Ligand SMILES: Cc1ncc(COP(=O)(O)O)c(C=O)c1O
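What follows is one chain in structure tokens, specifically the form predicted alone.
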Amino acid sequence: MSSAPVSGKIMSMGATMAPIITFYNESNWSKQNEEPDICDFTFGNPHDKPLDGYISAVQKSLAPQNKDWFAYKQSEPEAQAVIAKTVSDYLNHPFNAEDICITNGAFAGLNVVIKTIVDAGDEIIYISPHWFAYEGMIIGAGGKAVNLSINRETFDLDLEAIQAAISPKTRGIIVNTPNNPTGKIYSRETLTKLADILTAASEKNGRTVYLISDEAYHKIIFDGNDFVSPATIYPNTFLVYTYGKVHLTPGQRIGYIALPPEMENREAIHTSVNLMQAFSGWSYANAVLQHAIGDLVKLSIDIEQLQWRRDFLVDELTRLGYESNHPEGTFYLIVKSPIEDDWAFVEHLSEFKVFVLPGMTFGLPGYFRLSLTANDEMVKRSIPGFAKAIQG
């Protein structure tokens, strides 16, 4: 009996993630990541104990208060109200509780939105450097992924390139701010110009071009910088968020899709999103996390400590001869590889037990990324390794 063939779509989705899959399975990191003395800057996983208050918040919500406490959960009204208030206060823009679609993280939220708006052959623009799953999700929804690059000098959106890339088949654009991996926060001016471009394109093509705003890091902001959500500027925006970053709990999946009250056909879109959450494998947050959200929204990793790690690493790496950016937000730092082949340099760096993510895995060859979720001891201990690696 022959096995069932793998569909071409699945193969295509897998191919888009080939660099990160290869790194995960075949790099030196894949062979050594459990060793206790390494300096691991690869992924945004915790290297410290969970936040004070996180465990107690979850434990408190484990005790059932009624027979439906662990029943099937969609978006629970109490949790919607909590999230709507916090996001409205944070962004200084009103969001209605009923327009908060609670998801099991931003990964699910992005997937649900893309599947909701895309028909076969529709185009979705995404920007490199990028999160590794964007292209695969677009292909999985039956769409065509259109990849553009940031402005490599400023790390800002290349608005001229975006305008030129929009076609009658364009259905949306994914914008990630603050950006993983550059840490760039797109300004109100930039987002307003982008909104004007999308509005004009929607009118010209006779169909709405949606903006999908991936805001996984919108509360991890440095230096008192201002954050502006595209959802407060362009009405046809899906705001997608996860609490996994600010809590540093990527394995605890809760987030949301927020629809601005000004969105066109908002009620119909809300219904479509809710249906897609069900059809996408019940993409709702689990019961306990929804019950606990009133306590969880009060918690945050230490932003000042992340900023200290950023400053320490930028100063030390610059002193050693590396070229580093100075991120405005997120918990990542990107550094130019001393040699053109970033994969080769990352493997060379690993010889000194320092592990980072090569730029080719997120669409920025010639660079590598560090996660500031490495603990302080690990950050300090890594500097001799960086010094030896750049010396050859």
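These numbers come from a predicted model, not from an experiment. From 1 onward, residues are counted along the sequence shown.
The protein also exists as the form predicted together with the named molecule; that form is not presented, and the subsequent description refers to it.
S.K.: Is the named molecule in the predicted complex near all of 193, 236 and 238, within 4.5 Å of a heavy atom of each?
M.R.: Not one of the three qualifies.
S.K.: Hey, of 245-253, 182-190, 292-300, 317-325, which bit sits against the named molecule in the predicted complex at 4.5 Å between non-hydrogen atoms?
M.R.: Heavy atoms within 4.5 Å of the named molecule in the predicted complex occur in 245-253.
S.K.: Exactly one residue in 273, 198, 259, 216 has a non-hydrogen atom within 4.5 Å of the named molecule in the predicted complex; which is it?
M.R.: Flagged contact: 216.
S.K.: Only one of 110, 125, 285, 100 has a non-hydrogen atom within 4.5 angstroms of the named molecule in the predicted complex; which is it?
M.R.: Of the candidates 110, 125, 285, 100, 110 is the one lying within 4.5 Å of the named molecule in the predicted complex.
S.K.: Since only the chain is shown here, I'm wondering whether residue 277 would be in contact with the named molecule in the predicted complex (any heavy atom pair within 4.5 Å).
M.R.: So residue 277 does not count as contacting the named molecule.
S.K.: Using the partner position in the predicted complex, report whether residue 105 sits within 4.5 Å of the named molecule, counting heavy atoms only.
M.R.: Heavy-atom contact with the named molecule at 4.5 Å: present for residue 105.
S.K.: Residue 176: heavy atom within 4.5 Å of the named molecule in the predicted complex?
M.R.: It does: once the named molecule is placed as it appears in the predicted complex, residue 176 has a heavy atom within 4.5 Å of it.
S.K.: Closest heavy atom of residue 210 to the named molecule in the predicted complex, within 4.5 Å or not?
M.R.: So residue 210 does not count as contacting the named molecule.
S.K.: Scan 126-159 and write down, in order along the chain, each residue with a heavy atom lying within 4.5 Å of the named molecule in the predicted complex.
M.R.: Read in sequence order, the residues that approach the named molecule (within 4.5 Å, in the predicted complex) are 131, 134.
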